[in-house]
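We begin with a single chain expressed as structure tokens, specifically the form predicted alone.
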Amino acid sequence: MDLQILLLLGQDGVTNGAIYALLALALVLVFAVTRVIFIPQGEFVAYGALTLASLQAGKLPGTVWLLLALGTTVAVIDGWRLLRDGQYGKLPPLLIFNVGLPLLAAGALTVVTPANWPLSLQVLLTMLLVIPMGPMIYRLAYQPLANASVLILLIVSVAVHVTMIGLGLLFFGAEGVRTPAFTEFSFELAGAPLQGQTILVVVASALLIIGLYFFFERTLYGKALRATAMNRTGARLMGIPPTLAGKLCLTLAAAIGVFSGILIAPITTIYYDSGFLIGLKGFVGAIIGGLASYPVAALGAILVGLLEAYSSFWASAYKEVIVFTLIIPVLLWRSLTTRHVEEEE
């Protein structure tokens, strides 16, 4: 291995590690706030990339109909509860957000083709179509079982993951897609080519992590999420609704997943089931952080990216095995050094 190959592999490792770091942060956030191991995190990556590719190809993405179906179901369930409690004033916002806007989007996209729109508008539309699924999935799948054990919530996550993979195959087909690069800029570093798209992924990921830091440190909602992550009972006693915290963290997790999918779509061929493996590697980073520490999870995810890149050179057939084997010593070390605490009833 010479210096050029070393730099090329390091470039791939840091790029992949930046994406895994974002997903690891999302997984830690969701688990800390809701005790949910959010296995469908990777599906938002795939849905984001595939929805953008469908829009650029002039096709109506199936995520429009999924968003409308989820919104209608949420509107029926919550609408019945509001009618039963006599809270008629809350019905219009509920119907507008969950049914009206998705229906408007579906109607507009059947008339207007966004294939010729600027890339920024296509990205914005993709995020508007996929991100609202996060709080809707929380409302339908996790909120009714918010007080259940971690094991039951894990089983629900597996069910949501399998369902989203099946719907992804139905909506997008089995063919992989790759979107056009955001930039064609490139240059050489020590004889190794460095693509502008790679720099964009790393810089955008770093900016998003910095943005999340300021969100948690400086905003009221961010502090509410931090309080819920530290002590759910105490946060509830201080007037922070657990439902609001759950929906907000699922919204952030969905946004991070969609953003990650949009970033990697130009450099990686994405299939309907690609998100699972990508999300699983982010989960390895989250495990290194103990599903609690954001900085350690981010550093662990970058380590996963570098390990994957260099393993592909030395033992490409076993790179996935090497990456996932990293969990074993981490879990062994944590089991020997961490005091066991019974789950909160």
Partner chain sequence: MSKKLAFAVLAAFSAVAFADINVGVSVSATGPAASLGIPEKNTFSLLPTTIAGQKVNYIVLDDATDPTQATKNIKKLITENKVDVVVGSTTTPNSLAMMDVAVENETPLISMAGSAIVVEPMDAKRQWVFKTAQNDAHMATAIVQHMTDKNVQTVAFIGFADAYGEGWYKEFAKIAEARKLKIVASERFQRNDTSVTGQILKIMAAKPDAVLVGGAGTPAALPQKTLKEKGFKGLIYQTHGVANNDFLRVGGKDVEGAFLPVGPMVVAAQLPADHPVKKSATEYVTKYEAAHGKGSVSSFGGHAWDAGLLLQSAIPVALKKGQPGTKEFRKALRDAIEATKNLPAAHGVFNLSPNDHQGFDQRARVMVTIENGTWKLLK
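Numbering follows the first chain given and starts at 1. Here the structure is a predicted model, which means the values were calculated and not measured.
In what follows, reference is made to the form predicted together with its partner chain, a form of this protein that is not presented.
Discussion item. Since only the chain is shown here, I'm wondering whether residue 175 would be in contact with its partner chain in the predicted complex (any heavy atom pair within 4.5 Å).
Written reply: Yes.
Discussion item. Taking its partner chain as it sits in the predicted complex, is residue 269 near enough to touch it, meaning that at least one heavy atom pair lies within 4.5 angstroms?
Written reply: The answer is yes: residue 269 has a heavy atom within 4.5 Å of its partner chain.
Worksheet item: Hey, in the predicted complex, is residue 28 touching its partner chain, heavy atoms inside 4.5 Å?
Response: Residue 28: no, not in contact with its partner chain in the predicted complex.
Practice prompt. State yes or no: in the predicted complex, is some non-hydrogen atom of residue 195 no more than 4.5 angstroms from a non-hydrogen atom of its partner chain?
Written response: It does: once its partner chain is placed as it appears in the predicted complex, residue 195 has a heavy atom within 4.5 Å of it.
Worksheet entry | Contacting member of 238, 82, 202, 169, with respect to its partner chain in the predicted complex [4.5 Å, heavy atom] | The residue from 238, 82, 202, 169 that makes the contact is 169.
Discussion item. Looking at heavy atoms inside 4.5 Å, which stretch does its partner chain contact in the predicted complex, given the options 210 to 218, 132 to 140, 269 to 277, 107 to 115?
Written reply: Going through the listed ranges, the match is 269 to 277.
Worksheet item: Taking its partner chain in the predicted complex, which residues of 301 to 333 have any heavy atom within 4.5 Å of it?
Response: Heavy-atom contacts to its partner chain in the predicted complex: 309, 312, 313, 314, 316, 317, 319, 320.
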